[in-house]
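Okay, so here's just one chain, in structure tokens, the form predicted alone.
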Amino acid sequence: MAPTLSTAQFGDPAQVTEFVVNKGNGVKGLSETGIKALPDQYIQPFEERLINKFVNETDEAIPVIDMSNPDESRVAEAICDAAEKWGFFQVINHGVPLEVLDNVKAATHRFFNLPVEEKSKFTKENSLSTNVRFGTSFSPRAEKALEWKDYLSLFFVSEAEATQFWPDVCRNEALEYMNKSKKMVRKLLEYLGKNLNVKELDETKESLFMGSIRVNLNYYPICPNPDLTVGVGRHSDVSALTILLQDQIGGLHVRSLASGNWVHVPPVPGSFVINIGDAMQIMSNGRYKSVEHRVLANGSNNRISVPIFVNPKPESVIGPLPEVTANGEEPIYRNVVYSDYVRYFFKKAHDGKKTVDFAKI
């Protein structure tokens, strides 16, 4: 049964928050009431809405890299070049079976189609594990304007922990997606590392580059006034590397370092969108760029995406790698405990690239 809420109630922000956040209906529940107008707290500031109008007027495109190219040095070079010039690229023929991708997309729809009382078992208040979180927007308590997105966040600790606490309807698919992507992730990190004079991904480097992993299932329901809000506001990721699986709807936009234009990342069947996160920008001393991106809301389709955030271990200290500064290059970032950096990020609303300044010298 679709949730019921009279239009009059939507005029009251407290009741919208109660319905969306506290009762666990999410924006999916809001969308399914058939509302014709966006509640006020989703209306973004003017300058953010302005961006919505100018996002497709450029012929720039992020690189698409074929990882099956037998000339591995060419692949590595293309990846490192994209990491420096764009901070974003897509990979095809990456070795992750396509059915694994289809399965995790289907599992995402299954989770979000559960009755509200089932999904609510995983809200901050109800979840039996701090590593499993069903929520909405980004940081509802810190934001002036909310984002039109629901998510399930799964922080991986161990297979046993996942078996115990991750939702049944998507657990196996999310784990398989994470596990089957590891080889590709290692490959990407080896390429990026070699280019920074990191000879091999030994244990120390492994815990810095891929010491912890989080999988998110994101759901962006149909929005009554998509031009007034955003699916996700401007931000860069705090990860070392983000691996994104998107469906065929599209909506992800990336800010071009060359022109400042917003460039759409078109869905390429069977591909991953890869982007550099702040942790990697800091460790590479600014050589690799974590770039601002945002997701538009959509007036005609429900969209899903499934990112894997590949992060340092929470207790890792991140700073410019000794391999990078060995040649006398001046460090532009200080050393920070990774969990402090992440906490700082989540304490505020999405605000473009401001988080990385936290680590600037």
Ligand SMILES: O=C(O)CCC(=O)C(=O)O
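Don't overthink the numbering: it's just position in the shown sequence, from 1. These figures come from a predicted structure and were not determined experimentally.
Only in words, not in the display: the form predicted in complex with the ligand, which the text now covers.
The ligand in the predicted complex is not approached by residue 333, whose heavy atoms all lie more than 4.5 angstroms from it. Shown alone here, residue 148 lies farther than 4.5 Å from the ligand in the predicted complex, counting heavy atoms only. Not displayed here, the ligand is kept clear of residue 271 by more than 4.5 Å at the level of heavy atoms in the predicted complex.
Looking at residue 44, you'd find every heavy atom of it more than 4.5 angstroms from the ligand in the predicted complex.
Contact check for 111, 171 and 176: none of the three has a heavy atom within 4.5 Å of the ligand in the predicted complex. Exactly one listed residue, out of 244, 80, 228, 222, brings a non-hydrogen atom to within 4.5 Å of the ligand in the predicted complex: 244. The stretch in contact with the ligand in the predicted complex, judged by heavy atoms within 4.5 Å, is 303-311, chosen from 59-67, 303-311, 36-44, 321-329. With contact defined as any non-hydrogen atom lying within 4.5 angstroms of the ligand in the predicted complex, the contacting residues in 285-304 are 293, 295, 303, given in sequence order.
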